[in-house]
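Just the one chain here, laid out as structure tokens, in the form predicted alone.
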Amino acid sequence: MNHRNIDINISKETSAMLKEVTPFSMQVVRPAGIALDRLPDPAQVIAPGSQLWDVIRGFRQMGLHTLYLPKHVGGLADGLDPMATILLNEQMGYADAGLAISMGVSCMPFALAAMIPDPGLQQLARDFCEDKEGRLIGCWAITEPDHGTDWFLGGANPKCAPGVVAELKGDEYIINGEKSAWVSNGTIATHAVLHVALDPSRGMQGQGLAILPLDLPGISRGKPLDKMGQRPLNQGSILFQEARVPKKYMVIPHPDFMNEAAKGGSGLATVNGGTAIIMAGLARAAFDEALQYAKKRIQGGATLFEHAPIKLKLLRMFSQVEAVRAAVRRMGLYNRQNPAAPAVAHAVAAKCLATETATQVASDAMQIFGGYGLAKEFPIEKMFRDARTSMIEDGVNDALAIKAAEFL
């Protein structure tokens, strides 16, 4: 639905971009997300001919994958109105949160590659920008079967070190271990941003970082994860068994460099800030579903909307949604203009607020729908599942809050 837009700082160019993206999001992404969610086997989501690939190709052909990469490799990030990316991601979250996350994560290895002056990585970033068919897909391989939220809480405890270990031998790293089934795009990705232990004796502070293709010998995939929410988002494990990885792919080859890079919390701010924007879109979508239904559904001889308790509930939901959208946009604008020193606490707070608001608003919307809120005939039960999932992904909210408090 179209609510009055009270943001007065949106440029004509950004408004024009949003007008182009909105039909794609609602005519392609939303119906694809609903159809993919209903597939009984998550392997069907990624099968040839699946609607997932229509979304990926549409996203690429509109050039949306280049929003995160700089101009020198063919991207659009330089000079782009910071509000544009925020609004476009919110709209994608409005259409389908799982697919929005998949599209964003697919850019991660290539956006990072664009920041590194190695000719091979620069070419990889250019190839990604030129890819209109979805041949190059990225993932962020960090979570492990024994390490999730504790990834950023483990510190130097050697008993809490990454399970995927890289050992340098000559010009290669020999990598062993498993990244868990929660790796987004894990079973379809061609490239990964890979967190590894270079010195397990230093716990989580003994990490290195690689950008590598996933077709190297010794690398295999698990089955796609079957989960409650965000089912259109492919997730699955990546296994390393004596995988021989050329030294050039280890872009941060020493734990001290990694710890210095992580000191400002830019990774924490980027990931959580992005999730917050998407989930603000989902919160708005859940509210809109409830409002539309309330204006059509007859109960007691009048529409639900004509009953005062429903009006009260809807206004409270609207207030929550508008508050979270305002907070998320404020955070997003600041961090996009200050990438070297982002507001980490604001980003994590926005993630917690947006995911919890989306879950609460979707729950309230289900209550307005009554029994129909539980039926797959309407998208609200899916939105609730998608929202509830977000309170755990990228770090359980409570643990994220404990970490973010260090940046206050």
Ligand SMILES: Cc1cc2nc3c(=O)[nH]c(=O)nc-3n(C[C@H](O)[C@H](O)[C@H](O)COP(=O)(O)OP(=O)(O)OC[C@H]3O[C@@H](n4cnc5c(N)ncnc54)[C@H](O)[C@@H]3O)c2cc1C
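A quick note: this is a predicted structure, and the numbers were derived from the prediction, not measured. Residues carry their position along the shown sequence, with the first being 1.
Not pictured, yet referred to below: the form predicted together with this ligand.
Of the residues given (277, 142, 269, 166), 142 alone sits with a heavy atom within 4.5 Å of this ligand in the predicted complex. Out of the listed residues 235, 207, 89, 102, 235 is the one that sits within 4.5 Å of this ligand in the predicted complex by at least one heavy atom. When contacts are judged by a 4.5 Å heavy atom cut-off, residue 149 counts as touching this ligand in the predicted complex. The shortest heavy atom separation between residue 293 and this ligand in the predicted complex exceeds 4.5 Å. This ligand is not drawn, but in the predicted complex it has a heavy atom within 4.5 Å of residue 153. With a 4.5 Å cutoff on heavy atoms, residue 392 counts as touching this ligand in the predicted complex. Of the stretches 306-314, 180-188, 110-118, 283-291, only 180-188 has residues with a heavy atom within 4.5 Å of this ligand in the predicted complex.
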